[in-house]
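Coming up is one lone chain in structure tokens, specifically the form predicted alone.
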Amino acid sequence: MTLLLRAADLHVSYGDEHVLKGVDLQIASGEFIALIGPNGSGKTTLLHALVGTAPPGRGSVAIGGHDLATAPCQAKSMVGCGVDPAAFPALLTGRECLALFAGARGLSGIPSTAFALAETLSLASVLDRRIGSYSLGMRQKLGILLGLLGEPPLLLLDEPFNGLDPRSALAFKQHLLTLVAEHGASLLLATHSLHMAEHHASRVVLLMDGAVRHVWDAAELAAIREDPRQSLEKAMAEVCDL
């Protein structure tokens, strides 16, 4: 498989607080990597470092062979990441926001895939309403649409199911799995959903105290799935107690 992302020795600090302490991560095309760990372990900061919004004090990131520090436009063009719902311009409609992001991505218009996903997430009917009138769940759905706009090869998502109603959450999970399995997309999903990680991920990465504590590969995950006495929850607890 083609290596799509390579992060090496990432260190990120906020003042005197060292959040990432030498993280190494590689993702190949078509892989679904679940990033798990307790609150405050550095998962969100890692995702920000991988898209350049939290520049590392040390280390490097390359996406599709493009170094994020020296060729940021080329590297970022290959990445889709969920947009913080709090950052949306309240006066724009959802459709206008999609058009704005499509232009920024160099697309000729809003792709039909975005409208199809809006239908799947039950957001299509409110795309012409101003974002200021959206509920938190609606904003979360719009953030998902923006992150997946143009179906970039690498998706970086941070707890994207938060705020979604159960029906939309299930539909979005199925959509992500289809993108990986049938379209060859790569997915790095920061999540507390161990069920999703255990049953669908290619690999699971446990981040603790800003460092990779353990990685479960495909063979280890298959063994966990096949043994009714085992679970990722148990395996994670055993590692955390070491």
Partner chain sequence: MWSRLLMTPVLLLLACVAIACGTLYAGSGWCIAASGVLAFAGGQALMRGGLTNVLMRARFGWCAALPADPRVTTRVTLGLTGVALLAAIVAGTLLLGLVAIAAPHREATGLAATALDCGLVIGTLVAVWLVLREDGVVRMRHADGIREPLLALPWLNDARLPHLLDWQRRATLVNWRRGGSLAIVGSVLLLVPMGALISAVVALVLVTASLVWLGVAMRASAEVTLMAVRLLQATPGVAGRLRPVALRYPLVALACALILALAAVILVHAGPLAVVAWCLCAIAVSSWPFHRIFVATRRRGNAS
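Model, not experiment: these values are computed from the prediction. Residue numbers count along the first chain shown, from 1.
Note that the form predicted together with the partner chain isn't included here; everything after this is about it.
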L148: touches the partner chain in the model of the complex, heavy atom cutoff 4.5 angstroms: no
Heavy atom of T178 within 4.5 Å of the partner chain in the model of the complex: no
Contact label in the model of the complex: V83 to the partner chain, heavy atom within 4.5 Å: yes
R130 within 4.5 Å of the partner chain in the model of the complex, heavy atoms: yes
Single option in L170, L92, L136, A116 placed near the partner chain in the model of the complex, where near means a heavy atom within 4.5 Å: L92
Region of this chain that lies against the partner chain in the model of the complex, out of 51 to 59, 204 to 212, 190 to 198, 25 to 33 [heavy atom, 4.5 Å]: 51 to 59
Any residue of 2 to 25 that, in the model of the complex, places a heavy atom within 4.5 Å of the partner chain: none
